[in-house]
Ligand code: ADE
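Take a look at this one chain, the form predicted alone, written out in structure tokens.
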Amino acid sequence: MDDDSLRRLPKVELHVHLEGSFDVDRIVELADEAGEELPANPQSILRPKSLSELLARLDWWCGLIRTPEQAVRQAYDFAARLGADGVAYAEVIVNPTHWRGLRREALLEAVSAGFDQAARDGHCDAWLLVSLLRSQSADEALEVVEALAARPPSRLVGLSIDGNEAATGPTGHRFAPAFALAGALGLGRTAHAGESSGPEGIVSALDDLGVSRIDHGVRCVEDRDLMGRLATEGVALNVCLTSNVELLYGSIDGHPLATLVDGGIAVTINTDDPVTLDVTLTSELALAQSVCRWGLQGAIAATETAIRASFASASKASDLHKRLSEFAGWTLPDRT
């Protein structure tokens, strides 16, 4: 399996944050426009030492976006970057709490507009996952979903939740009403769990929030019964290898991807914060190949899993299956 084949593969990304789409040049440009000093030297600004430091940095550089035009450009440029790597479809997480320079409604409309323009120009077809922050209250979370119901952004496909569970403690019960409303509205539901939390965070996401997939989820390997449940129920884990190595394992040799795959769990490969981590979906799939000894067939299978786990419309999923079949040179079953 060579990088060119992986790059041409019409890939699907389900766990990627717009907050992680800022490169150093863009941060410096925005800081200059806002008249703000950098919190660190440019060489180290994208290399936080912990999850809490990363979240603080995200708050700062996302807060440099002060106009809808800046947000449109950020969304457009990110979709173009994904498209250049051969990503055909992406569900991009946007947590409005990080973007303090714009009202939530203006931000989400601008991001949708940027994604629309990028899709028209032939770049990645990017859609929007609005994310709650674990430190928000139940009332704040419910207000977010009610606002989405009243005026949904054009590219909205689902609701997410992220943040440091190790710092906030269990949050599933607090956000259950917001996620229940999202489900009633027909939105897809996903949650970060099993990274800063252990297996108990995954169980809460399934039972309290009603999610159909988990972002990260890698710490399910600490509970064999939970692994069996995930495999039996077909819950997909949106795994981010480099991100997990940076924040959890220290080395790819310690990553449990092969254990997850061998356990029959549906796994997709993703980048998390690609610019911050200096990775692409192509490079992450190549890394997965080195762990699981996949050939190109393995990358195709992981992409098919991602299509099935996506919140794409039936027609969009069918189109993605067709593109994947054409790339593979045979007819894959349409399991949408």
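Just count from 1 along the sequence shown to find any residue number. Keep in mind that what you see is a predicted model, and the values were worked out from it rather than measured.
What comes next is about the form predicted in complex with this ligand, which is not displayed.
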So, Gly158 and this ligand: in the predicted complex, are they within 4.5 Å at any heavy atom pair? no
Although this ligand is absent from this view, report whether His216 comes within 4.5 Å of it in the predicted complex, heavy atoms only. yes
Using a 4.5 angstroms cut-off on non-hydrogen atoms, would Asp162 count as touching this ligand in the predicted complex? yes
Though only this chain appears here, would Ser243 touch this ligand in the predicted complex if you measure heavy atom gaps against 4.5 Å? yes
Partner-proximal stretch of 299-307, 286-294, 270-278, 32-40 relative to this ligand in the predicted complex, 4.5 angstroms, heavy atom: 270-278
Among Arg189, His192, His123, His255, which has at least one heavy atom within 4.5 Å of this ligand in the predicted complex? His192
Of Leu46, Ile65, Ile27, Leu55, the only residue with a heavy atom within 4.5 Å of this ligand in the predicted complex is Leu55
Just give me the residues of 6-33, first to last, that have a heavy atom within 4.5 Å of this ligand in the predicted complex. His17
